[in-house]
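In the block that follows, a single chain appears as structure tokens, in the form predicted alone.
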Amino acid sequence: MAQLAKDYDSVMGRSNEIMKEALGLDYAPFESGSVAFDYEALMKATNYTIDEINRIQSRTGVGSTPLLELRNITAFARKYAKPGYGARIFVKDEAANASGSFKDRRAACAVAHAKKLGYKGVVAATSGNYGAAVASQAAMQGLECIIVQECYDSKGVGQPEIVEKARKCEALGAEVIQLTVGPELFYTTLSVIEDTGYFNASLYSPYGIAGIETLGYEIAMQCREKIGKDPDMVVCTNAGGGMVTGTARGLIKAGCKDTKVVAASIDLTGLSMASDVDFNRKSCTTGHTGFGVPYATDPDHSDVPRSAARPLRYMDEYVTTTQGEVMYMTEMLANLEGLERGPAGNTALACAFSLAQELPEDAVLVVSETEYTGAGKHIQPQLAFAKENGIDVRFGNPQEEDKPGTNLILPKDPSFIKHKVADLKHFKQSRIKKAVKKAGCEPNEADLVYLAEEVKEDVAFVKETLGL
């Protein structure tokens, strides 16, 4: 058998072939040859019902996590709200999952499917909690595991939160390949998959997204059981879009017709996630606009032909917070509620603290996740790392003074924790234009309907955006 060329261009040129082989899923039947593709058919191709996914997850310590009412934080939020306002704040404690985050839901489904298809191992490209989730599930289900991680800048300096996650992956038995920031992540992942013949346990496959649907479904069921009503609002930290997509789909399957789904990200405007210089000038590595905006407006630039994470189909609002506010909220959660949790879920919690003040007292607001914490995830090493990289750390007004990559502003007091509403209309218009440009053809009527569904609008909105 001839040896395949392993240079960058050769491997990237075989990407579709490699991905098809590594997922056991042919994406071609879902394509129309134009702008549109059949998203719902792709999701149904998993052939797993929500009950079946729940059974898969329950076998390995995933799911059925507690829904906790944050009574002290709710009372605190009401101090800053007008009379009669300040929604009850709840949090889904996803740190109770096997590896300590909601990513276990994705991993349980993906790894179980890999085992079902007869793969000997799994590969995942991730700098985050998903690596630990895949490693945990692979260990439980008897498969080999390789995690490819974007970890360092060109000087070999790693952000403490990412280094922490690598330690956890290794502790759970995975081989971890650590890379510098740049295009080598996708190339190396494809190359490893091709060399090993392992399953691509992608964050963005339909198996992974279907695994998150149980989270939204559980939120609905637990709210009805504990409170006697559906949640009025669910706030999801947003990066690659899987949390928003899967949670919203689960809420829909539970029959939640009026629940508002809000995406929340840390605003890192001005920092490039592909920049070696900027890589360590950020102090939070997940749940920020550096991933949230590009993946919302162009979801198909991932390690699968079509991403199943398509957040603009589901979010009703997109809000942002700052790094300092998230770190402050991390301390608040620990000090007021006795819950020591990591930064990702606290991005949504920081926004929820502000959003709750705009809702009446009888409203129910649910933060969709918590995550485990560890040595590199605590705010102390994060703040120390920021100072080492020349970041000005001080107290002030984050919404007015925050400059990502230059400073990190902790709120002077809780009244300075304020979400900002992002321009969702602009993101939707960008998504439509990028989809049409990528297709390289004039959209037909079916394409217009698809694009309307893609951004949760009507066809008139799509036509206006395209000037038709």
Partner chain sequence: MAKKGDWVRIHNIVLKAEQRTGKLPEDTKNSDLQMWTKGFLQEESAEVGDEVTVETACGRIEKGTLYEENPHYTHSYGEFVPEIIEIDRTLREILRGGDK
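Being a predicted model, the structure only gives us computed values, none of them experimental. Residue numbers count along the first chain shown, from 1.
What follows is about the form predicted in complex with its partner chain, which we do not show.
By the criterion of a heavy atom within 4.5 Å, residue 230 is excluded from the residues contacting its partner chain in the model of the complex.
A residue is said to contact a partner when one of its heavy atoms sits within 4.5 Å of a partner heavy atom; residue 170 meets this definition for its partner chain in the model of the complex. Contact check for residue 164: a non-hydrogen atom falls within 4.5 Å of its partner chain in the model of the complex.
Taking non-hydrogen atoms only, residue 144 approaches its partner chain to within 4.5 angstroms in the model of the complex. Just one of 254, 140, 98, 179 comes within 4.5 Å of its partner chain in the model of the complex, counting any heavy atom, and that one is 179. Residue 76 is the only one of 291, 85, 76, 314 with a heavy atom lying within 4.5 Å of its partner chain in the model of the complex. Stretch-level contact analysis of 219-227, 104-112, 148-156, 306-314 against its partner chain in the model of the complex, using heavy atoms and a 4.5 Å limit, identifies 148-156. The three residues 300, 431 and 459 each lack any heavy atom within 4.5 Å of its partner chain in the model of the complex. Along 189-217, these residues reach a heavy atom to within 4.5 Å of its partner chain in the model of the complex: 192, 196, 198.
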